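Next up: just one chain, as structure tokens, the form predicted on its own.
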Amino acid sequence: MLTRSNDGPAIEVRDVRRVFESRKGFLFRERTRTEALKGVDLTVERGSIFGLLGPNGAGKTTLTKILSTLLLPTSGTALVLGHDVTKETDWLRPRMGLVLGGERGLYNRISGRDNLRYFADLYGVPLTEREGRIREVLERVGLTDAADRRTEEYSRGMKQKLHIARGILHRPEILFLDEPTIGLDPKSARETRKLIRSLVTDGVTIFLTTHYMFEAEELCPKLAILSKGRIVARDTVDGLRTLVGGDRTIEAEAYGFEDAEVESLKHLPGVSKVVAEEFGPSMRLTLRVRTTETAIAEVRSALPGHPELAVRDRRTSLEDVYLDLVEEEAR
């Protein structure tokens, strides 16, 4: 049952589905039906950064648009801040911010400050507060010195900062960030991540979609993985490591392995999974390990007769987790 409460979760989604229908072919007689979301259930607590990961076409942007009232679900129910996204849009929109990746949505022929004046009027910011609020957000995103330059002169990173300034101009309770660092250079992306972290100290709930694993691991205490329109996992990063079989990964690489050698690795203590991949003339075996019982020396002992054998032990990354879960869903 969904909770309609000011103290409840920031987001509650139950069995949300979205189907897109279109026509093509001669005289548009052929109808196509694409199910972008296939019964999504999700709960996001207030006051933190929640990450949604998934490959291109998984449904991340579709879900973000539904939650931000830009798109109606085909079926199911979604509450944001305790209010229905399909029936209470007038209440919700002044309390939401939305930042989509890319450069659209800004007016290039006017200054950054004038862009914010326009959006402040659109958001209903009182005229007596407008200039002060604009100065505040420009300083927050580091654009004070460039505020009166034309936006067309801004770099991509500066435009993204202006997007975020626009998104927080009306002091929203919840901010949706869809791929906020896509296409940015490393310095701009790092500055954007620092800015995102700072917003949480204001009590803003942030719903972040990304396909950058390191970014999600750095920013998000909790996250979900969306694949083919379904949530396939939801937990902390450590919880997801446990889900795929362990927080340690051991990799062994040589010029080919026998089936019997691969089987022997599967029976080592704490090994939950062994995956074999070919890289040209060499082969890599990846072991997910649940405990500290298996060490590099034991892996080497199980693979005799390979003088060129290279073995590495590392912590299971979020990218490992993501690939395991998404590939499992694809089977």
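Numbering starts at 1 and follows the sequence shown. These figures come from a predicted structure and were not determined experimentally.
Keep in mind the form predicted together with a small molecule is missing from the figure; the text below concerns it.
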Q. Does residue 60 reach the small molecule in the model of the complex, with heavy atoms at most 4.5 Å apart?
A. yes
Q | Heavy atom of residue 34 within 4.5 Å of the small molecule in the model of the complex | A | yes
Q: Would you check, heavy atoms only and a 4.5 Å threshold, whether residue 55 touches the small molecule in the model of the complex?
A: yes
Q | in the model of the complex, segment of 60-68, 263-271, 38-46, 278-286 with a heavy atom within 4.5 Å of the small molecule | A | 60-68
